[in-house]
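As a starting point, one isolated chain is supplied in structure tokens, in the form predicted on its own.
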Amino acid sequence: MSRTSEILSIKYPLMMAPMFLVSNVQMLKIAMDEGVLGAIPSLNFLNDDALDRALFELKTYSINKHGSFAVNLIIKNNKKYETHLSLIVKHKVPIVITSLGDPSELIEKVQGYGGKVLCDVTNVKHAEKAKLADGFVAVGQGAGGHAGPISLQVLLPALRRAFPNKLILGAGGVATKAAYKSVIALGADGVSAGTVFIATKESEVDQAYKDAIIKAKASDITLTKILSGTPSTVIRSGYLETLEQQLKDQKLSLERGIELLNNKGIDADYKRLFVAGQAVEFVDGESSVSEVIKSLVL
């Protein structure tokens, strides 16, 4: 059994990344069936009761599976942080992935019940602040969502040199078996892939989102702060350009751009902004979650 398998209780060193408004319970169940780690953002649930029920369902389903599940919790500027952390502790979620902010409190509470914590990092400095975590998700250039500015060819060896014994997953641009193997070759213990799962049959996003993923190329991916104030990768579109121009015209900061536009009476809908990484280059049609996993690890 590999170190990754032992620490994360999975058969294959792959994580289906937590994707905002994409990941769902059914997708995570399939990930567990296939022996990998399925992750979901806590903010994907409409309310606290829905999250509570989902965590119970996932924890129950995970018994005797070859895979496991994780919950991604954003710390900084998240009004639901305390409530969601309490639910994570209540259900003893086996693995928690942190994004943005100081993870110290979360690490203490999750490790306190025997859970594991992985922290998203984009450089060695960020990793130093999260050194008490069980591991890192190295988010490199080309990743979907809050991508980092450093390529995995540099980031992974740098993290491995600084933390030779820490569990490290590499994220960014993985949609093929060759890319999966290359991340491992760079020194990662495992791989995180997200974009390749957005257009799957079990994904419940609008067909327009799936079509955009299938049509887009790596050159269509751009960075914007309009979603959260932190640079996020999205598919370039006329709608995005219009919103950013409206922000510019009103001399508004791009920080929390959607919220600012709505407050000004401008109809801005984040669901029409399609988050994705450069791995769109290799997504040519709809597949099942199971088929995608097998194409990467087998």
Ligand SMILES: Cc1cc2nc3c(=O)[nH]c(=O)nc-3n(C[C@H](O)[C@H](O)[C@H](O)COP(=O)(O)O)c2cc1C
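All residue numbers are counted from 1 along the displayed sequence. What you see is a predicted model; the values in this text were computed from it and never measured.
Keep in mind the form predicted in complex with the named molecule is missing from the figure; the text below concerns it.
With the partner omitted from this view, the residue of L169, V121, A143, L155 that lies near the named molecule in the predicted bound form is A143 [heavy atom within 4.5 Å]. Though the named molecule is absent from this view, in the predicted bound form it lies within 4.5 Å of a heavy atom of just one residue from M19, V289, V25, V283, which is M19. Per the 4.5 Å heavy atom criterion, the named molecule in the predicted bound form is contacted by stretch 187-195, the sole one of 161-169, 126-134, 187-195, 105-113. No residue in the set F56, V96 and S203 has a non-hydrogen atom no more than 4.5 Å from the named molecule in the predicted bound form. Though the partner is left out of this view, Y209 does reach within 4.5 Å of the named molecule in the predicted bound form, counting heavy atoms only. Among residues of the shown chain, V183 is not one whose heavy atoms approach the named molecule to within 4.5 Å in the predicted bound form. Interface residue remark: L14 is not counted as part of the site for the named molecule in the predicted bound form, having no heavy atom within 4.5 Å. Using a 4.5 Å cutoff between non-hydrogen atoms, I10 does not count as a contact of the named molecule in the predicted bound form.
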